[in-house]
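Presented below, as structure tokens, is a lone chain in the form predicted on its own.
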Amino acid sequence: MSPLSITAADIEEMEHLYRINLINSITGYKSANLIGTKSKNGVSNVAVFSSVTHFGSNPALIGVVMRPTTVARNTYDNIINTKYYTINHIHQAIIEDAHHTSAKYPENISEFDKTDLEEEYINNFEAPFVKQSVIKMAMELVETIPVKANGTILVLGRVLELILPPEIIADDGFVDLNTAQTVAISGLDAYHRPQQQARLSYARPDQKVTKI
């Protein structure tokens, strides 16, 4: 079967949901995280995000893309108002509850109360962690960067604390996501349990890479 060619013009003419599914899944596997926040009125919030990505190691920066604020965005509002939030890996045992947090509850309703996810407060950090998550990060807002092309917002945060089992950290600092059972997302609603195929040595010109 010959490959299908889909042009930009074709994409623009697609039915809305079909286009969303196509473009959201064509980029491949994405990180699967729950972002925990608390409003200025003390209401906790937790929501699933697939746009969390590394932005630098020194300082340790992580970015997350937020949708346009043309409608209520509780997570974004809470981060802007309090400056603190958590990032929590989704793993195999909490997929359904994690996905349910994408439902649009009013700002006075906590998703923790609508799922079996439990909020947890560690080391006096004001934003809630997800107790069941194996890998957790305490974050502080650094800056927000508007994307003019489509109205999305890049939220850039600094890692204040990492909370994870010591046994999943290798001697060189590598975190074993297989042991943590961390899952990935494709599209808007497909969850996957990836399996590591190999770790390879640092690539240098004219040197063959080797397995670690």
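Sequential numbering from 1, following the sequence displayed. Quick caveat: nothing in here was measured; it's all calculated off a predicted structure.
Beyond the structure shown, there is the form predicted together with a further copy of the same chain, which is absent from this document and is the topic of what follows.
- Contact check for residue 51: a non-hydrogen atom falls within 4.5 Å of a further copy of the same chain in the predicted bound form.
- By the criterion of a heavy atom within 4.5 Å, residue 93 is excluded from the residues contacting a further copy of the same chain in the predicted bound form.
- Though the partner is left out of this view, residue 184 does reach within 4.5 Å of a further copy of the same chain in the predicted bound form, counting heavy atoms only.
- When contacts are judged by a 4.5 Å heavy atom cut-off, residue 68 does not count as touching a further copy of the same chain in the predicted bound form.
- Along 47-66, residues 51, 52, 53, 54, 55, 56, 57, 58, 60, 61, 62, 65 each place a heavy atom within 4.5 Å of a further copy of the same chain in the predicted bound form.
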